[in-house]
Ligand code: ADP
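First, one chain by itself: the form predicted on its own, in structure tokens.
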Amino acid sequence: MSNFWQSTPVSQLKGVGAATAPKLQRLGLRNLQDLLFHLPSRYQDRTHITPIGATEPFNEALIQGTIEISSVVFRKRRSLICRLSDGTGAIQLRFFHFSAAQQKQLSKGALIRCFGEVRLTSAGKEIAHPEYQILKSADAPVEKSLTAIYPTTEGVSQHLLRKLTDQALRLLGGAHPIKELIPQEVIDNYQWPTLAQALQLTHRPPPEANVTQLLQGSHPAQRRLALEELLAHHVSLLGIRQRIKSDKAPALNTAESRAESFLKQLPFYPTNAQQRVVSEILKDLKQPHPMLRLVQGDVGSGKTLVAALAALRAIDCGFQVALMAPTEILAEQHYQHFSEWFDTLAISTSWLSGKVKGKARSTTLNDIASGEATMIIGTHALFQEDVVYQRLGLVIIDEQHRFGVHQRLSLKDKGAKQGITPHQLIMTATPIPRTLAMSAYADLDTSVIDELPPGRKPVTTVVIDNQRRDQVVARVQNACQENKQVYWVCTLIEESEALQCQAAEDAAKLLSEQLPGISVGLIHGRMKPQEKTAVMTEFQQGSLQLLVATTVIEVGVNVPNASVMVIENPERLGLAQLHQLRGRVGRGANASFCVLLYQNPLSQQGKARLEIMRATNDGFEIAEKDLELRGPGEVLGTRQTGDIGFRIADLMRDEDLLETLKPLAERILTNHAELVEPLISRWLGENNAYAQV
């Protein structure tokens, strides 16, 4: 009975032939369960006619009126323009693709009803390519309920998805009830509908359903489904955690420690927050099962020092440590830091990246395999097939959000020997909103370094239109003449690294001409590691006053004398990235400034982002706003978007459900193991890469 929905292929439904089935498969729709849980991404409200005069830009509306003018115009491209009026106002309808028959239909005097998004153009309000119908009577009935709009793909129309969903919903009330996977007392507690009722109402809202709630995603039927979806993700991650925690790991506990000697050589002492986080890590490392800990800390809070103390514990216990960073430049920075710190303690630090070739690579691989290399730093090259560790006890991943969830989870196999799994320490300087941490990182324990080292000054941020660029250049000149150093960051919306590098080269050339007598350096992703290191060294030593760069300097670069940061086209970057870049200044004794040099016109979201940057230096507040503006997939990084592409849940809107979630997920894993696979299969389906860990 319970297998009916999974075992019945969509090809058994009317309207699914040999050509349609593969297209549906591209949407992940293979069986009836897939179809039932392919939920509307939004609704269109065609239940009432909006007077044209009351329509608002960027909103969808159902309007009705008489065509006053209809003509074909030839500007950039041939289009049919109709002026529609209803007595309250007029609006322009634009059709780029139209037949002679349509042109005849849409002639002067025709009474039509149409639906689409209203936009504001130089000619006033306009709807491009509205859906329309020719009316015989002005009082033709409107839709009685909201219209569901589904995620789709090429060759699969909304009409087809509605037709197929209707067939599945009719079966829902028949001889094959769908299995409830949430304990009944939870549903009773929230006074939610049954699963069948929730699916029926979400797919086909009845006329009496609360339209506002449905459009906001807060209807009890949607909330009931959202909890189950969040639960599936949570159970999946907690399941991984249970599996990894059931592995054996080396219990790293020793009386012989070089930590005190290490701390004595530093010009500062760890903050209280750093000490607290280190003690949490050391407590984990003593356990005979793998540590899975995420350390969050705002820009400049001192995560590297925490990582070094964790690494020392593993090395003092006779194990190797691998530290992976997402970019060459950040990995190089770590290599320099650790070499400096560990050389005096007689600990060898090795370097491995994709660009290490030939004899140098063979030597490093041999050192890693023999155990001679104890502290190994690099990029994702550290986990390629030919890298064999002799005794890997701890894996440290920096800037976790740059790697996919799958990469994080696959690391447990690296270095696993005789049934021993390395401990994992994950670090991020991009504060993760609590809601996101609770869902995307449910498999990890979390520590927060919530205190900046003494002497860190807040950075003053100003937002300036690109038309005032000359004033910014003059400001840069003044800063350099006062012996301060400046970053000038070039961003491009294109993904092409070549174009980004070209933009930086052009900017460096122009600024050199505009600022005679000021030494200008250039750094971008296409330079060789040695070239980048040479430029950064010059900048750190003060022989370069102005460093023009792409966003490669986003993380890890530490130049205390740099007190001005100019970011071109900041509207093209997310808040987290802007905050990271700004964190490169404010590290010394001077008052520091960040200039956001934007290009008009700005979108509403672009304005909101720049205003947040101007208003606060708090990374956690910025992260919350970033989540609100961009959504979890974007905030986590494109590589992880697929892992958290919710169908109906929304982490901001459904935040209150997260409190119910954790105890419920643990209860299901402990007492109702039989529900785990059906939950994950229902909501994650083939996307559940976690299951393969």
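Start at 1 with the first residue shown and count on from there. Keep in mind that what you see is a predicted model, and the values were worked out from it rather than measured.
The form predicted in complex with this ligand exists for this protein as well; it is not shown, and the discussion that follows is about that form.
**Q** Quick one: of G574, P326, G606, P270, which gets a non-hydrogen atom within 4.5 angstroms of this ligand in the model of the complex?
**A** Among G574, P326, G606, P270, a heavy atom within 4.5 Å of this ligand in the model of the complex occurs only for P270.
**Q** Looking at R313, K303, H234, H579, which has any heavy atom no more than 4.5 Å from this ligand in the model of the complex?
**A** So the residue touching this ligand in the model of the complex, by this definition, is K303.
**Q** Out of the stretches listed (194 to 202, 388 to 396, 293 to 301, 172 to 180), which one is close to this ligand in the model of the complex, meaning heavy atoms within 4.5 Å?
**A** So the stretch in question is 293 to 301.
**Q** Can you check whether R456 is within 4.5 Å of this ligand in the model of the complex, heavy atom basis?
**A** Looking in the model of the complex, residue contacts with this ligand include R456, since a heavy atom lies within 4.5 Å.
**Q** Find out whether any non-hydrogen atom of T379 is located within 4.5 angstroms of this ligand in the model of the complex, and reply yes or no.
**A** Taking the distances in the model of the complex, the answer for T379 is no, it never comes within 4.5 Å of this ligand.
**Q** Do N617 and this ligand come within 4.5 Å of each other in the model of the complex, heavy atoms counted?
**A** No, N617 stays farther than 4.5 Å from this ligand in the model of the complex.
**Q** May I ask you to check whether N558 falls inside a 4.5 Å heavy atom distance of this ligand in the model of the complex?
**A** Yes, N558 lies within 4.5 Å of this ligand in the model of the complex.
**Q** What residues in 274 to 295 sit within 4.5 Å of this ligand in the model of the complex, counting heavy atoms only?
**A** Heavy-atom contacts within 4.5 Å come from Q274 alone.
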